[in-house]
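Below, in structure tokens: the form predicted alone, a single chain.
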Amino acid sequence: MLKVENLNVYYGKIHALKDISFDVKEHEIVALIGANGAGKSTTLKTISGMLRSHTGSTTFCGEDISRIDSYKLITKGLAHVPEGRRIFLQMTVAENLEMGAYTNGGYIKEGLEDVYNRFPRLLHRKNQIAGTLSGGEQQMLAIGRALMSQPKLLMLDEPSMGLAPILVEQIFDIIKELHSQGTTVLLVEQNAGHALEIADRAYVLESGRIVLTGTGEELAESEEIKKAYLGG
């Protein structure tokens, strides 16, 4: 579904991504793990057109999307839930969700029903201003807004960041449920233990490079990964 080849991204003189290449197959959960500053979020931003690579290409469903603007990618089935959620704080929950379907206006009614079924807490707060929601509720809203576009690939950037442990479990249960229903997921996550537990495959980034890859199970059992990321 997604093929990333030889990405090199710079912030000024800082070389943030160095020859990044990987792929995501249909119906997989693929995780990108690594420490802060490893290049995980930069990778997602480059895929979704917010940043440009100096080299290489990004292919989505057989089409080169390397030079397509971000706002056009949503119509092709690529949804990005950014780090920090980035919901519309002054709008209601329902208005945020409707904005998620702006390229797919005919799906608003069905989309709202689907999101509210997945996230009953959002139904109870549909008329509440989004900025007054808890952190976990805001994360659910960010994911729900992305689902309103009916994505083929859902990219999640640090969905568990800043959440209490019980909410982290809920968010990962939601990701597993979406996957079981056919959604392909590319997950960036600092919580390596949870990410590897649900991932079909994973890539480890260090200083802008992919240094290790394997199945989620293989990496979870790796002594190197245990020592660096799992507290082993």
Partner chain sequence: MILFFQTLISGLSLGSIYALIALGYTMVYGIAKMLNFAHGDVIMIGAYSVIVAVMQMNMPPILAIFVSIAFCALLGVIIEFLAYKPLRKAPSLAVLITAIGVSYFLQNIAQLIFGTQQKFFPKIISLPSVTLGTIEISGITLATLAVTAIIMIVLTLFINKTKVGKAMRAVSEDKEAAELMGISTNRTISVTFAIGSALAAVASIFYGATYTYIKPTTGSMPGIKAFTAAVFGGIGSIPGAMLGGILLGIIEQFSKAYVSTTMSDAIVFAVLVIVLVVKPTGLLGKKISEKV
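Because the structure is predicted, anything quoted here is derived from the model rather than measured. Residue numbers count along the first chain shown, from 1.
What comes next is about the form predicted together with its partner chain, which does not appear here.
For residue 110, no non-hydrogen atom is located within 4.5 Å of its partner chain in the predicted bound form, even though that partner is not displayed. Mapping the unseen interface onto this chain, residue 159 falls outside it, with no heavy atom inside 4.5 Å of its partner chain in the predicted bound form. In the predicted bound form, its partner chain sits within 4.5 Å of a heavy atom of residue 50.
Taking non-hydrogen atoms only, residue 82 approaches its partner chain to within 4.5 angstroms in the predicted bound form.
Put simply, of 59, 207, 70, 55 only one has a heavy atom within 4.5 Å of its partner chain in the predicted bound form, and it is 70. Residue 145 is the only one in 142 to 162 with at least one heavy atom within 4.5 Å of its partner chain in the predicted bound form.
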